[in-house]
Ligand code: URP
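Take a look at this one chain, the form predicted on its own, written out in structure tokens.
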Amino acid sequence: MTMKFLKRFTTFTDMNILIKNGTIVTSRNAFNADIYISEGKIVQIRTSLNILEPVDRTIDAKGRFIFPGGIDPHVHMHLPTPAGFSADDFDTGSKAALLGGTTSLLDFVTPQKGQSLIDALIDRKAEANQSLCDYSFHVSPIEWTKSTEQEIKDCIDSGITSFKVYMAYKDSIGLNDDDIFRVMHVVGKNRGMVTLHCENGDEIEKLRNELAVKGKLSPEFHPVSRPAYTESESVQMAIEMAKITKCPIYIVHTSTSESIEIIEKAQKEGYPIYSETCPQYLLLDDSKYNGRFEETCKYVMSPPLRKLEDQLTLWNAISKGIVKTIGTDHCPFNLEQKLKGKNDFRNIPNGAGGVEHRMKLLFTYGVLQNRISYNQFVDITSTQAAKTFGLYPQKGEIAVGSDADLLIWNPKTENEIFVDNHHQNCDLEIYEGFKTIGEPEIVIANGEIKVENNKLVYESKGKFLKRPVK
């Protein structure tokens, strides 16, 4: 899909911006005050600010909320697969992110077999230098070698403190339990964090092959091949390893009630266990797999969409603070790529887009339906991700000294999501027809106005975020 944006401007850099009359909302408070921005930072927050130095732009935010810029802790831009790269690269994906109110992204570094983690990180940073958002990474060890421990330490020294392991996909990027244990031991010892894709890969392969033998190869059998227990059993295994290694862990895209129950129990016992979910698991269910291939294939993702009762559990877990963050697992593919699995769902590239819609969906179906408060909205979309991954208070906060990543949010604008009006570089849309209320009217990143009235107006590049150990 062709992306249409305004021409590049060169007058926004180092602007002094005064935002007046807005309602500032953080993860803890809401209050009326003015904000003064200079040299990319928040310099003053006070009622009725009078600035003596020149102000390049004054924004009247009366009737608007001011939120911290969104942080999506889970995206996959320009991901290589047998069906080709995912549809969004760092340029198109970051534009979609900004238009949706997300100003920082955490992507992934996945090395080739035999490639060092540091070399893979260098290559990935080169790919990411087209991003208009600030960015960092989780690094994925996909094998254990005699040099892996030192490579993990080198990554931490380079500002990467989180490491992603896959309990599925063992024929390509997944690790066996012994190697996951080794990764946790080293990362925990060096004060990092392990994030985990928790699915029992061996059981899933067995189920997939059994379905194939029976000729059950349409998308409706994708969730059948990945039942809830394949996630929850892996969550339990991950937590047991984390307890032994004393390594903080972060469960990505949590989707089932059973997993939440296990995570809550471990959290109550005092272990540093973090949980993320995604909008698709809050708003879509497995009925989407019934129908024509061209309609159902876009929902093939892992883990799959679950039951309505799982949605209710996840919303409740957010309100109780069990689920700390909302990522998107943004990884869209075009229909032509999905068609590679027309005759066998196992060949459909797994993934869907969402980075552009996350903030609006959570505001509409979370805040406005009284599932979460305004403060919780800020917490799950920005503050907790910053705290969890070593970016706070530079990111995820509205405070003097923090980066000026801010959303001027119009709470009343009504929109509807269609493939024809989204900005991700993909001809499929899993939220087709979803109505939303509220949107970021102005998006400021590092003190630069990048989006105004749903138009990208400034295309300066983002920066790599080097993160310290906690």
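Start at 1 and count along the sequence shown; that's the residue number. Predicted model only: the values in this text are computed from it and were never measured.
One more form of this protein, predicted in complex with the ligand, exists but is not displayed; see below.
S.K.: Quick check on C331: any heavy atom within 4.5 Å of the ligand in the model of the complex?
M.R.: Although the ligand is absent here, C331 would touch it in the model of the complex, with heavy atoms inside 4.5 Å.
S.K.: Going by a heavy atom distance of 4.5 Å, is H197 a contact of the ligand in the model of the complex?
M.R.: Residue-level check for H197: yes, a contact with the ligand.
S.K.: Should M301 be classed as touching the ligand in the model of the complex when contacts are defined as heavy atoms within 4.5 Å?
M.R.: M301 belongs to the contact set for the ligand.
S.K.: Against the ligand in the model of the complex, would Q130 count as a contact residue? Criterion: heavy atoms within 4.5 Å.
M.R.: Residue-level check for Q130: no, no contact with the ligand.
S.K.: Check each of H253, K395, K95, R358 and return the one that places a heavy atom within 4.5 angstroms of the ligand in the model of the complex.
M.R.: That would be H253.
S.K.: Report the residue, out of G327, G366, G390, G351, that has at least one non-hydrogen atom within 4.5 angstroms of the ligand in the model of the complex.
M.R.: Going through each option in turn, the one that passes is G351.
S.K.: Counting only heavy atoms and a 4.5 Å cutoff, which of 149 to 157, 267 to 275, 306 to 314, 164 to 172 contacts the ligand in the model of the complex?
M.R.: Answer to the contact question: 164 to 172.
S.K.: Just to make sure I understand: among 53 to 82, which residues lie within 4.5 Å of the ligand in the model of the complex, judging by heavy atoms?
M.R.: The stretch 53 to 82, when checked against the ligand in the model of the complex, contributes H74, H76 at the 4.5 Å heavy-atom cut-off.
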